[in-house]
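Just the one chain here, laid out as structure tokens, in the form predicted on its own.
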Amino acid sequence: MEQIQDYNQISKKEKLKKWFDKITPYIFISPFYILFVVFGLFPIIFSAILAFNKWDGIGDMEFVGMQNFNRLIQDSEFWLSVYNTLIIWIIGTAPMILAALVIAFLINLKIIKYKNFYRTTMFMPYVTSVVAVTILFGLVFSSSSGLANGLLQFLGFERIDFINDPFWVKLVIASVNIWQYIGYNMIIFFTGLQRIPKDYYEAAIIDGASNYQIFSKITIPIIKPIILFVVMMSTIGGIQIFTEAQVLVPTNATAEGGSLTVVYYMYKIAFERSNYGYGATVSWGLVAIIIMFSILNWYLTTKRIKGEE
């Protein structure tokens, strides 16, 4: 009888050990999924619910159906903020990607020395606080005592109200974006260039190809997937631009003034006017814009470059 009890106890321990071995991997990866559910999945679901309700953040929610979406379609301030965002994205992202690609190509050339120094120097703005960078640009382009206006006066030009002018404030915000992310994208391109076999370049040089021909006929086609990745990520990040605009123009930002981007408008609606329902609707409008531009980017970067119809 005692032997049977001992055997049952040993069997239970083995079963417990096997069960523990099975769940151990899930325990180790569970923090990621818990954080994803709390800070990723739950906000998405909650914002989807909010978009169909009116809520000031304190009282009960009031279901309003499609009213918020109808308001969004007719909201001229929202569409003007979309226009501001797109202009900032065009004058900031497109030149930045092109410049990052050219710089990566130049650093990758054999005649260039101290490559690690250039890569580190270019990458440093990316790890710098965007708030600190924006404050620095705000001081440089200050309307009263900025370095840019001082230089203009020294050259005999009139002062420019960079922060309050609808056009120039977009250019300043785009400049911050370029300065901060050009090194990051350059590193991605440089990594892709390193994977291109040296034989291709050597054969092209023997055939008498110029640097431009090597760049356009060999480099670009091979790193096309990397270009697509950079364009997609830069587009998604560029359309969500917020901190630069909010730090440069912390108060009285208007869509007509050029500094109100889509995310900044959503922030003002939700957290300054306490209209969380409509703020959530604006966020879903932003999601639709990002999806639309991602599909457009994918089409232009893959189909058109390949010459496919």
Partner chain sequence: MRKFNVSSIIIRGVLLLGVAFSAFPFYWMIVTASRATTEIYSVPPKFTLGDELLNNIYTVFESTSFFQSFLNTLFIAVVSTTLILFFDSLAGYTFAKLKFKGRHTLFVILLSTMMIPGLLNIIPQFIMMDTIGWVGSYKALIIPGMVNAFGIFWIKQYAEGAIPNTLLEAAKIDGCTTFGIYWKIALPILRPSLAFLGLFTFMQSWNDYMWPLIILNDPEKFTLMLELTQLQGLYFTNYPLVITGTLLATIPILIVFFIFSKQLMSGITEGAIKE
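What you are looking at is a predicted structure, and each value in this text was computed from that prediction instead of being measured. For clarity, a rigid core is taken as the largest C-alpha set superposing within 1.5 Å between two forms. Numbering follows the first chain given and starts at 1.
Beyond the structure shown, there is the form predicted in complex with its partner chain, which is absent from this document and is the topic of what follows.
At a distance of at most 4.5 angstroms from its partner chain in the predicted complex, all three residues F36, T120 and G279 contribute at least one non-hydrogen atom. In the predicted complex, W179 approaches its partner chain with a heavy atom inside 4.5 Å. Contact check for V64: no non-hydrogen atom falls within 4.5 Å of its partner chain in the predicted complex. Within 4.5 Å of some heavy atom of its partner chain in the predicted complex lies at least one heavy atom of P31. Taking the partner from elsewhere, W168 is found to have every heavy atom lying beyond 4.5 Å of its partner chain in the predicted complex. The stretch in contact with its partner chain in the predicted complex, judged by heavy atoms within 4.5 Å, is 149-157, chosen from 197-205, 149-157, 67-75, 81-89.
For the stretch 104-130, the set of residues having any non-hydrogen atom within 4.5 angstroms of its partner chain in the predicted complex comprises L106, I107, L109, I111, I112, N116, F117, Y118, R119, T120, T121, M122, F123, M124, P125, Y126, V127, T128, S129, in sequence order. Superposition on the rigid core between this form and the one not shown places the CA atom of A288 less than 2 Å from its counterpart.
In the core-superposed comparison between this form and the one not shown, Y33 has its Cα shifted by at least 2 Å.
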